[in-house]
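In C-alpha cells, one chain follows: the form predicted alone.
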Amino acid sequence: MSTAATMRPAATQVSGTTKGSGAGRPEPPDRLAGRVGMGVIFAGLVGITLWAGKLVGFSWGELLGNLDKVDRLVDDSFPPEWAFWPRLVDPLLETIQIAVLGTAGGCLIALPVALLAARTVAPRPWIYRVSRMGMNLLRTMPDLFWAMLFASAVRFGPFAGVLALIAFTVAVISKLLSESAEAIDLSVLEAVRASGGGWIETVRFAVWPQIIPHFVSYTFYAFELNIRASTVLGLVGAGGIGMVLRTQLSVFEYDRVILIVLVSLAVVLVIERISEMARRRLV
C-alpha cells in the first residue's frame, strides 16, 4: 500500500511536468517569421493608406460636416418622378443593344487574342510577346478613355459606345481566357502535336474543348459588366440611358436622376440573374 501510494504522486508529477513543458514550448522559427512578416505587411498597408489619404486631402471632419447637403439631396430625389418613365424606354433599350454588340464583338476578337497570348498555345514566342503586349496595352486604358477616344474619332452616340465596349471586352476577356488556356491539361495538347497535328488542329482538338466552359462563363460575365459600363459611357456622349442621366444631372432634376438609377439597377439585377441561370445550365 505504501509503495503504490508513493508511486501515484510521482506519476502525477511526471504527467504534470510533461503538460507544462509542452505549453511553454517556443513557436517554430518559420511560424514566428510568418507572423512578423504579416505584421510588417499590415503596418505597411496602413501606412500607405494614411499617406494616400493625406495627399488627396481626405478629411473625416469635412465629410461629416457636409452631411446636411446629403439630406437635402435625398429630399430632392424622393419620391422619384414616375411620370418620366416612358421617356426612358428607348434609351434603356439602346443601352442594352450597346452592351450586346460590345460583348459579342469583344468576345469574338478576344478569343484569338487570348490563344495567341497564352504561352502554352502560341505558335511562336514572338507572337506570344506581341499579343501579350497588345493585350496589356488595352488593359492599361479604362473604358471611359476608349469612349472619349471613339466619340471624337467617329461621332458622339451609340456607335462610339459599341466600339468602346468592344475594346474594354477584349481587354478583360483575353486576359482571363489566356490564363485559362495556360492552365489546360498539356498531355492532350502534346498528344495532338505528336500525332502530326498543326497549330489549328491543336487548338481545335486539345485547347478549345478544355476552355469552352470558361469562355461561356466569361462571356456572360462581360455582358454583366458591359450593362453597367454602357450606362456610365453615356455620360461622355456614348449613347444610351447615360446621356439622359447626364442631361438630368445638369439641370438638377434629382427626382428624375434617382428614377434612372432605380431603373438601371432593376435591369442590371434581372440580367445578372438570367446570366447566373444560363451559366449554371451551360457550364
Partner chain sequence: MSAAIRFDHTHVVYPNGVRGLDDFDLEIEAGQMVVVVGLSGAGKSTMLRAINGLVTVTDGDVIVGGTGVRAAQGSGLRQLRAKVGMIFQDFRLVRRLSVLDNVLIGRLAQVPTWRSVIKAWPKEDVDIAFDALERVGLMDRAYTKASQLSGGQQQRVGIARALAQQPSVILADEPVASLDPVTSKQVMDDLQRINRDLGITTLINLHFLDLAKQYAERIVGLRQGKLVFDGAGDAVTEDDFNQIYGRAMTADDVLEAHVAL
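Take the two forms, superpose them, and find the largest set of C-alpha atoms that agree within 1.5 Å; that set is the rigid core. Numbering follows the first chain given and starts at 1. From a predicted model like this one, the values you see are computed outputs, not experimental measurements.
Not pictured, yet referred to below: the form predicted together with the partner chain.
Asker: Can you work out whether Phe205 and the partner chain are in contact in the predicted complex, taking contact to mean some heavy atom pair no more than 4.5 Å apart?
Answerer: Heavy-atom contact with the partner chain at 4.5 Å: present for Phe205.
Asker: Contact with the partner chain in the predicted complex for Arg139, defined as at least one heavy atom pair within 4.5 Å: yes or no?
Answerer: Taking the distances in the predicted complex, the answer for Arg139 is no, it never comes within 4.5 Å of the partner chain.
Asker: My question is simply whether Arg193 lines the interface with the partner chain in the predicted complex - judged by any non-hydrogen atom within 4.5 Å.
Answerer: Judged by the heavy-atom cut-off of 4.5 Å, Arg193 is in contact with the partner chain in the predicted complex.
Asker: Verify the contact flag for Glu201: yes if a non-hydrogen atom of it lies within 4.5 Å of a non-hydrogen atom of the partner chain in the predicted complex, no if not.
Answerer: Close contact exists here: in the predicted complex, Glu201 approaches the partner chain to within 4.5 Å, heavy atoms only.
Asker: Going by heavy atom distances of 4.5 angstroms or less, which of Pro123, Pro213, Gly157, Pro80 would be at the interface with the partner chain in the predicted complex?
Answerer: Selected residue: Pro213.
Asker: Just give me the single entry in Val188, Leu149, Ala183, Val130 that has a non-hydrogen atom within 4.5 angstroms of the partner chain in the predicted complex.
Answerer: Exactly one listed residue reaches within 4.5 Å, namely Val188.
Asker: Please determine, with the chain shown alone, which of 106-114, 193-201, 90-98, 171-179 has non-hydrogen atoms within 4.5 Å of the partner chain in the predicted complex.
Answerer: Selected range: 193-201.
Asker: Does the distance between the two CA positions of Gly197 reach 2 Å or more between the shown form and the other one, the core being superposed?
Answerer: It does, since the Gly197 C-alpha is displaced 2 Å or more between the shown form and the other one after the core fit.
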